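Presented below, as structure tokens, is a lone chain in the form predicted on its own.
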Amino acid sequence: MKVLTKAATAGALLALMAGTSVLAQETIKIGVLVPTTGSEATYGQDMANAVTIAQAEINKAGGVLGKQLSMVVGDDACDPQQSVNAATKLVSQGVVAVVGGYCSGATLPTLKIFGDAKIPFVITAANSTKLIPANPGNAFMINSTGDDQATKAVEFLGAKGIKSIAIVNEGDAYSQDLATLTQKSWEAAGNKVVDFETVNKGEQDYSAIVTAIKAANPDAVFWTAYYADGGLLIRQLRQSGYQGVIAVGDGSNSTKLFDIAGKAAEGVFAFSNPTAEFLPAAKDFTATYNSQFGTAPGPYAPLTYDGMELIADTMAKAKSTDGAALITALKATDSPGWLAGAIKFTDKNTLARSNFIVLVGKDGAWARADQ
């Protein structure tokens, strides 16, 4: 007969009590880690809205394991320090899983917090490759990673006959990662990066950067950071007379880019995750979103909806809310998905396919550029 130590017995008892307390709760709590304040709050609220819709549909169908789901939002403000506070609070509030993660820099320090608590985290937007080595094994990325985006950028721009580019980033985990990956891939393809710039977040005057870019005379400019600042750079580039191609990464695929850049955003290319207007399976979701929130779903709404559905589906298949059981079940995921396509993970818990498409600014909105 195996004899348990006092520590082992206590640990087993605590685990049992934790599992029992979750099952005894009136609802199963799901954490939503997104920015609801700060410059990226529009994206964060959009992602939270998508979870609201998914949970309402799941609950209407009977919930999971005989219980209803509830949402606990943690505001990370796209700030690493605030994200740590938000993640710690979500853990203390008894969430059994977390969905979300928009800014890679803010998502990065939460991985250990959720990992130590053995809480599965389905990341639906953040995609810096820096998240991969920091993942304790509990996080699962359903948006393709930055190296996939860099590959798409090199293929598309190269096919347009572009030979030289300028790359501009903001030095954060997401934009710097994408900038570096693109530079490496671009140069490996025999092309030139004639200017590589890092600017401060929240910059208003890009005159020095614009001057440097025009002096380098690239065929194209690639902005790898977020739309709030990207829109200003695009507008100032066009006002200065720059006539080359301008492209942006998925952090700038919001239609709000057109509000900021105005007519200067016409013809801008965006390397983007699949958004609702280009997903046939998202037709009903889009109608529901419009009806409930009075606007169209943003670029990460479908992926976040899928992330919530994935968590619920995994709990049902595992017949458990235990973190370790859910993490094991998530690793084995092989699903046709819900709105944004198939979900299967690599051995690094990243999406086992590239989901990037190419958009182009046309008449103040995005249109497909790769069809």
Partner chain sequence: MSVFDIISHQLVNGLVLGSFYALVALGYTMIFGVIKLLNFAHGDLYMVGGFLGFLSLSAVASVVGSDWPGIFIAMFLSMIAVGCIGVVIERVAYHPMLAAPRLSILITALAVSLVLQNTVLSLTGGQYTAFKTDLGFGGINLGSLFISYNQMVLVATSGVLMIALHLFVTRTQFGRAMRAVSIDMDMSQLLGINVPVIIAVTFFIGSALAAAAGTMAGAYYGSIWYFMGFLIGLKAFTAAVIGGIGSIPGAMLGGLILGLLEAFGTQIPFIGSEWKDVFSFAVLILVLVLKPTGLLGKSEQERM
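Under this definition, the rigid core comprises the largest set of C-alpha atoms superposing within 1.5 Å between the forms. Keep in mind that what you see is a predicted model, and the values were worked out from it rather than measured. Residue numbers count along the first chain shown, from 1.
Although not depicted, the form predicted in complex with its partner chain is the subject of the following passage.
Between 108-116, 275-283, 210-218, 79-87, the stretch whose residues reach within 4.5 angstroms of its partner chain in the predicted bound form through a non-hydrogen atom is 210-218.
By the criterion of a heavy atom within 4.5 Å, K130 is excluded from the residues contacting its partner chain in the predicted bound form. Among heavy atoms of E197, some come within 4.5 Å of its partner chain in the predicted bound form. In the predicted bound form, none of the heavy atoms of E187 sits within 4.5 Å of a heavy atom of its partner chain.
When contacts are judged by a 4.5 Å heavy atom cut-off, T151 does not count as touching its partner chain in the predicted bound form. Of the candidates L232, A134, I162, V91, L232 is the one whose heavy atoms come within 4.5 Å of its partner chain in the predicted bound form; the others do not. Residues of 258-278 lying near its partner chain in the predicted bound form, listed in sequence order, are D259, I260, the criterion being any heavy atom within 4.5 Å.
With the core held fixed, Y226 shows a CA shift of 2 Å or greater between the shown form and the other one. The Cα shift for T198 between the shown form and the other one, taken after rigid core superposition, is 2 angstroms or larger.
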